[in-house]
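Just the one chain here, the form predicted on its own, laid out as structure tokens.
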């Protein structure tokens, strides 16, 4: 087996193998656990860098195992998978640093980091999946690996939230599996091929294909938090901040959104999906979710829950871009896969810093926090303004291309109002937070036990991750046209999907 055939497996193994070893480490083995975490994350960055270069220069990275006739486990790197893998890899490295600092004195760290690594491995596996069968396998493994992270604290509230998560996601997984098996029966192995292949089936199968598409969207819509399948996400905010960041920016929610993109573009084909009248259904579901999530965020005083409902809204921009027929809308949806990730992980890092350093959990407690924690609050502010769509931050680029795509596709009459309403609501639930943080009189005193002795605003391992990701959110907007930028890569994906 040559290097090109081995590379997808190496990328997967770089987080899987350290994770398996970490499970067997004693709690006192802090240095070895940290070394394994950072070595695995660093190795993955290098391997993914090689993969990016190779895919850009049309190398073929394919690992294949035949389990039974017509049933193969396939790992394959293409432009879309590499974009998601790159996001997961970079943010895993940053989140690992953050989690090491966040959980420094917590119990059960080996268990946490073991499942943390398995969660990322499952995400990488579904990103590199070369067919629908492989995707479903890793999709379910992601569910199982994430459950212990949500339940990590072991409190009754954490266990209750984890059970809610499991009921939603296992139910969604069962629906997804039903659709995948049904599709396999009528169409055979479903390899992910740019442009899809189902349009070649006779017209008599079109009714079944519509029903299968609905099943697939329900199964994927649970993790993507489409309304009304989103109920698990706000409940999961009881998890530690690194887990919340992982759920919203790297793993679970993104897995659902990525799956929707895969099914529309590389199973059905976007043109054929439009001919079946299915894009409109997806667009309506996305629009409802965008507006609903924003309205719900307005009423949340708990900061993490406000951010959770923001995720419900923001992730559906990806589904909305997928539902807009045309390459410009596709660019807007796909680039938001990256932009939303780096902005949202910044917000959750900052929320974790407020909780750990000053004991702040609610928006109503944030008066003057910018004076006490200026770097954290500046990072939070950049990400929040990006979510609103203020230029030149990354979120503006996503919304701009979604709007242009809607005009190109003749869908401006309803897409533009959705984008405008959402942006106004984004401002309504983020700007009051920023006003409190920067312009209100500070609280008389935060709990003394939460104020660190160090002269810095918080521990370095907690401070640098949001600063770095906020910088990435700003750079993704300022240098959107640079080679290898998320926007340029999304443009390359759109060209291949539409065979331009």
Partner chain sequence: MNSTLLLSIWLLPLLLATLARLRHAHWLLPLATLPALLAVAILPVGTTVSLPWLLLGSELGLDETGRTFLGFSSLLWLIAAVYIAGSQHAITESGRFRVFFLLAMAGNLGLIVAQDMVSFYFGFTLMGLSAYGLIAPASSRRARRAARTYLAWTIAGELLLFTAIIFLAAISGGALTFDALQSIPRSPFTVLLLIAGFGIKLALPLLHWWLPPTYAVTPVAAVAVFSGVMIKAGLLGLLRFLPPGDATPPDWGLLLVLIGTATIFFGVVAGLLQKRPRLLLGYSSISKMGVLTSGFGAALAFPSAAPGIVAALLVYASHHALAKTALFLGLGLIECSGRRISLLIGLGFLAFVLAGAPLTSGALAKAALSDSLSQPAPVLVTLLTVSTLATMLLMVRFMFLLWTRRQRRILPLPGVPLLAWLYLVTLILVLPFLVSGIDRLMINVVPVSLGLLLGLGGMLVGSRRSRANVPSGHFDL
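It should be emphasised that the depicted structure is a prediction, and the values quoted were computed from it without experimental measurement. Numbering follows the first chain given and starts at 1.
Quick note: we don't show the form predicted together with the partner chain, though the next part is all about it.
Residue-level contacts in the predicted bound form: of 420, 281, 298, 214, one residue has a heavy atom within 4.5 Å of the partner chain, and it is 420. Contact with the partner chain in the predicted bound form, judged by any heavy atom within 4.5 Å, is made by just one of 400, 192, 292, 272: 400. Shown alone, this chain has one stretch from 358-366, 240-248, 306-314, 391-399 that lies within 4.5 Å of the partner chain in the predicted bound form by heavy atoms: 391-399. Proximity of residue 104 to the partner chain in the predicted bound form: non-hydrogen atoms within 4.5 Å are absent; the residue sits far from the partner. Within 4.5 Å of some heavy atom of the partner chain in the predicted bound form lies at least one heavy atom of residue 427. Not displayed here, the partner chain is kept clear of residue 53 by more than 4.5 Å at the level of heavy atoms in the predicted bound form.
Although the partner is absent here, residue 431 lies within 4.5 Å of the partner chain in the predicted bound form, judged by heavy atoms. Residues 403, 404, 407, 408, 412, 416, 420 are the ones in 402-420 with at least one heavy atom within 4.5 Å of the partner chain in the predicted bound form, listed in sequence order.
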